[in-house]
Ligand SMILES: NC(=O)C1=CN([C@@H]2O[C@H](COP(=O)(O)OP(=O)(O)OC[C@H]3O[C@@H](n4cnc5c(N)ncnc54)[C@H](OP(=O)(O)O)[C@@H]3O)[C@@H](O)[C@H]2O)C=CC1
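Next up: just one chain, as C-alpha cells, the form predicted alone.
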C-alpha cells in the first residue's frame, strides 16, 4: 500500500529547511546540518511506514495527527476520551480502543501525553502500547517527560524486540497546527531514519541527540529557559504598568531590540489585555520546570533563576490558572501586588 500519498508536494514547501543530527563524540557533540530538497530528500513510497498510530489527542497531539492524515498517511488513533478522536475519524483516521490495539495494528506508533505518569501508563500499563509491540515495529514518544521515565518506557518497548525513539517537541499549538515543530530525538537510529519523513510532515527540523535521555534533557532545558523568559517578561510588563508606562509600548520597544523574541511579540499584546488563550497550559510549564529542577539536582547544578520561576508558576496554579496559557503567570505577580 502506498501511504502518505501527498507527502511529496509537502516536501516542496521545505526547500529551505534543514535536518539536523547530533552525534556523541566522547563527551562532546557536533552538529551535522544537511540541507534537503524535494529532489534529494523525498523518500520512496516503499520507504514510508505503511501504518501510523497516534496516542493522545490533546492540544498538541490532535493537530500533529491531523497533519499526518492530511498528508495521506494511514493513521489509527486512541485517546482516553474517545470524543476527541471523532474529528480525526471524520478525516479518515481509524480508531482502536486501547494503546495495545493501536500498536499491534501499526508499524510506527507516536505518543503525545501530558506528563510522565500518563506517558508511562499508556506505554507500559495493563493495556499499554508495549503489549502490542514486536520486532519490526517502532514507538516514538513525543511527550515531555524526565529522562528516567523515557528510559523506563524504552526498556519496556525494547524488551518486545521493537525500536524506541524519544522525540519531545519544541513548539506549542500554532507550530503544531502549521507543521513547524522542532523534534529533539534520541534512541534507536534505525527508527529515527524510518520516522524521519513523518517528523518532517509534523515539523520544520529535527535533531538526533544519541542515547535515550538526551532528548528529554534537551527539552527540559529549553522549557526551563522559556519559562524563565516568560516570568521575566511578565515582571517587566507589570513594572511598566506600576510606574505609569504603557505596557503596549514596552512590547514594541522589546520587539525592536537585541532581546527581541517571537514569544514576546506573540504573547505580549494579549497579556496586556489580560487574555490568555491556551497554546501551552501553565500547568505543563510548571511541570517542566519541576522536572528541570530534578535534572539539575541529579548533577548538582544550581539553577536559582529557574527555582524562583517555578515558585511563581506554583502561585499562579494556586489561583486557578493551571489550564490557562503559561503567559497567565503574569497574574501571579498582579495578585502579589494587590496583596
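This is a predicted model, so every value here is computed, not measured. Residue numbers count along the first chain shown, from 1.
If you look for the form predicted together with the named molecule, you will not find it shown, but the lines that follow are about it.
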property: Listed residue (197, 171, 268, 132) with a non-hydrogen atom within 4.5 angstroms of the named molecule in the predicted complex; result: 171
property: Stretch in contact in the predicted complex with the named molecule, which is absent here, among 102 to 110, 207 to 215, 79 to 87, 235 to 243 (heavy atoms within 4.5 Å); result: 79 to 87
property: 4.5 Å heavy atom contact, residue 305 to the named molecule in the predicted complex; result: no
property: Residue 279: touches the named molecule in the predicted complex, heavy atom cutoff 4.5 angstroms; result: yes
property: Exercise: residue 150 in contact with the named molecule in the predicted complex, heavy atom 4.5 Å; result: no
property: is_contact(residue 118, the named molecule) in the predicted complex, heavy atom dist at most 4.5 Å; result: yes
property: Contacts with the named molecule in the predicted complex, stretch 128 to 166 (heavy atom within 4.5 Å); result: 143, 144
